[in-house]
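Next up: just one chain, as structure tokens, the form predicted on its own.
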Amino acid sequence: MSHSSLGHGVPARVTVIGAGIVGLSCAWSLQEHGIEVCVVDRARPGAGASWQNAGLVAPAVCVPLPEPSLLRYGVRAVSSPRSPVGLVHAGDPQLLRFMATMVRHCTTAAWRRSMATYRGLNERVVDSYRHQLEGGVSAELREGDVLACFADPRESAGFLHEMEEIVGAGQSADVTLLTGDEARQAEPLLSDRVAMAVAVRGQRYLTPSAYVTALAKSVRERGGKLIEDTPVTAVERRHGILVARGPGAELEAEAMVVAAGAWASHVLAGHGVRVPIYGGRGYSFTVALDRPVRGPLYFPAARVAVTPQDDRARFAGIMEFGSPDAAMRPARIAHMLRASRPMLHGVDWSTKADEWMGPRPLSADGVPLVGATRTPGLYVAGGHGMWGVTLGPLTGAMLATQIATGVVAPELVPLDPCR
């Protein structure tokens, strides 16, 4: 029996620290159980990794980050200034601890164990979104195939091997190989440089900023309170009450959820959470197009995803291990431009705008942390890495059920934050 199911009492009010898609989904689902919520954020709703990422809701490719080839690729990648993978401060003690733990999980056996966990979650992703949309979240979730494009067919070997491993792990994925011409028929914006593509059918995408804004609006309309521009740096239990502390502010509650993204590790210190969380900074920008992009594109060699966003397209990519508070590095945007330009035509690159950097909250073992800590009444919803948009509504709903009922869903057991 999980420690989180013992001695349960239903809290009347819960404070959620962090207003990204994970924290807001947890708050929204707590309201479904009749629990009053207050969401507090260091900036504003969605200001972290949720605001302008690729916006893919793609359970077919939702997998743990640590895996054997990451070691081989990673050593080469971080040493190249033009690589889509990099380090901000190589000597950061937090980064060294994170990397050491992640390396230990870059084994086939660990990946397969984690993949079994993801498979159970991925099967429920679409239903979790449907529940929010039918429950009053006024936003769009669109269906579309993800088209992974390659300039050289040999570049596809790694991606196809990963898809084989995903299917071999029991996860459903509808995959079709396309020639370059077939890929251009599917997406006319692709240039002649695209020699082949892999279509992952039946996935979904959204505009993250619009979805998070709609989710926050729904939480407010249901009576929830949102407090902005209030960083929380620590939580302690004092006289039977949880107290969240930050510069110039103290908040009290009988139960709290830490959904603070890449800033969560400091807040969780001393509460029994041993898996490190660290920032995997991603970058994005938008450009205008001659015609709308029909659906999501992915350039695996450059680690760049392209998704429709109104009359423009959003380019998102880069995995930069570093502090979430470090400054944006313009060279990363320049790399994405260089890598993407040859693969497309009909793009007005001079219209580049909406440049953004957000830190994905990576867990060192590649599995999200969702559940109770060792401190009574304190819960975690974080460490989703690149898959916060895909998994946020589902894990938020499952944690809300745990808080409201004391019952830990089987899918949550491997996500125990104190594992």
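These numbers come from a predicted model, not from an experiment. Note that residue numbering begins at 1 and tracks the sequence as displayed.
Another form, the form predicted in complex with a small molecule, is not on view; read the next lines as being about it.
Chemist: State yes or no: in the predicted bound form, is some non-hydrogen atom of Gly385 no more than 4.5 angstroms from a non-hydrogen atom of the small molecule?
Modeler: Within the cut-off, so yes.
Chemist: Is Pro368 one of the residues lying within 4.5 Å of the small molecule in the predicted bound form, judged by heavy atom distances?
Modeler: Looking in the predicted bound form, residue contacts with the small molecule do not include Pro368, since no heavy atom lies within 4.5 Å.
Chemist: Answer for Gly358 alone: is it within 4.5 Å of the small molecule in the predicted bound form, judged on heavy atom distances?
Modeler: Although the small molecule is absent here, Gly358 would touch it in the predicted bound form, with heavy atoms inside 4.5 Å.
Chemist: Should Ser363 be classed as touching the small molecule in the predicted bound form when contacts are defined as heavy atoms within 4.5 Å?
Modeler: Answer no; every heavy atom of Ser363 is more than 4.5 Å from the small molecule in the predicted bound form.
Chemist: Just one of 258 to 266, 180 to 188, 101 to 109, 155 to 163 has heavy atoms within 4.5 Å of the small molecule in the predicted bound form; which?
Modeler: Of the options, only 258 to 266 has residues within 4.5 Å of the partner.
Chemist: Would you kindly say which of Gly202, Pro231, Pro276, Gly224 lies with a heavy atom within 4.5 Å of the small molecule in the predicted bound form?
Modeler: For this set of options, the contacting one is Pro231.
Chemist: Work out which of Phe321, Tyr118, Tyr283, Phe299 lies within 4.5 Å of the small molecule in the predicted bound form, going by heavy atoms.
Modeler: Answer to the contact question: Tyr283.
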